[in-house]
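Below, in structure tokens: the form predicted alone, a single chain.
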């Protein structure tokens, strides 16, 4: 059997399940209906994502291990924005800013779930976000489908609709370590990105509105390079973030291959496909090794790397960035895939 579910807890009167999917070709996943969290992702008998062993640990998942992020990925500065001339004030959960959706973002929702075994194994997750939740306008319905593909990929299909103009910018926050989640840092992983420009950070770890060329900088991954060469540099942007935590503007449009990353010890490589304009590359700069995690691993700084496909951070402030505003009656429809070879 390529799919199954297991009751693991009850929380706030609702059942929490682990869902197990396999493509029968070496790739399997364990996903929770709490936060849509990818708890385990196993390829070639290697668990390549960071996380916890127990559901209870995920109740204080401050690093967003494996979770669906919404309504908005990244930061909204000062927790406010304007739509149609009206200012909306959001909850603040990172200083003055709204970060990854707020205090109770999609990473903390208990999603309705359905396992589907067709030609490929899928998990369909659904939730609603009521008008005013975390300060966002509009009643929003959301559907996220995880599929393990026959070519050893995990495909994430995001869909959303609202009854009022609102902000929708969904992503997933899995931390990958292709050597194995417990195998130390990713400094010697190598990355290639089809990206000629990036948006540098200003104050509050968010973009300042500039669009800069990566050429001649530590952010140029148009030739495959290890993270170590970049993270240990003296670049001011790297020092300010204690590593990479930046939005890269992806070349091209539509669903396409945008890059790949390779583990230096396992030989596992991961190709990244998306239809989004940007990708936040985050090298786990704020994981400080003060908490025991999955398999008694003690994750430290640079233990994993996230590839958060997204709209550009700051797009609600800077009109020259593509907007993340979803109009009433329109449909948000986006696909990101991570394929393992």
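A quick note: this is a predicted structure, and the numbers were derived from the prediction, not measured. Residue numbers count along the first chain shown, from 1.
The same protein also has a form predicted together with a small molecule, omitted here; what follows describes it.
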### Message
Can you work out which of 315, 303, 280, 33 has a heavy atom no more than 4.5 Å from the small molecule in the predicted bound form?
### Response
280
### Residue among 230, 75, 189, 109 with a heavy atom within 4.5 Å of the small molecule in the predicted bound form
75
### Query
Any idea which of 167 to 175, 127 to 135, 214 to 222, 151 to 159 reaches within 4.5 Å of the small molecule in the predicted bound form, heavy atoms considered?
167 to 175
### Task
Flag residue 64 as yes or no: does it have a non-hydrogen atom within 4.5 angstroms of any non-hydrogen atom of the small molecule in the predicted bound form?
yes
### Message
in the predicted bound form, is there a heavy atom of the small molecule that lies within 4.5 Å of any heavy atom of residue 181, even though the partner is absent here?
### Response
no
### Query
Heavy atom to heavy atom, is residue 308 within 4.5 Å of the small molecule in the predicted bound form?
yes
### Query
So in the predicted bound form, does residue 286 come within 4.5 Å of the small molecule, heavy atom to heavy atom?
yes
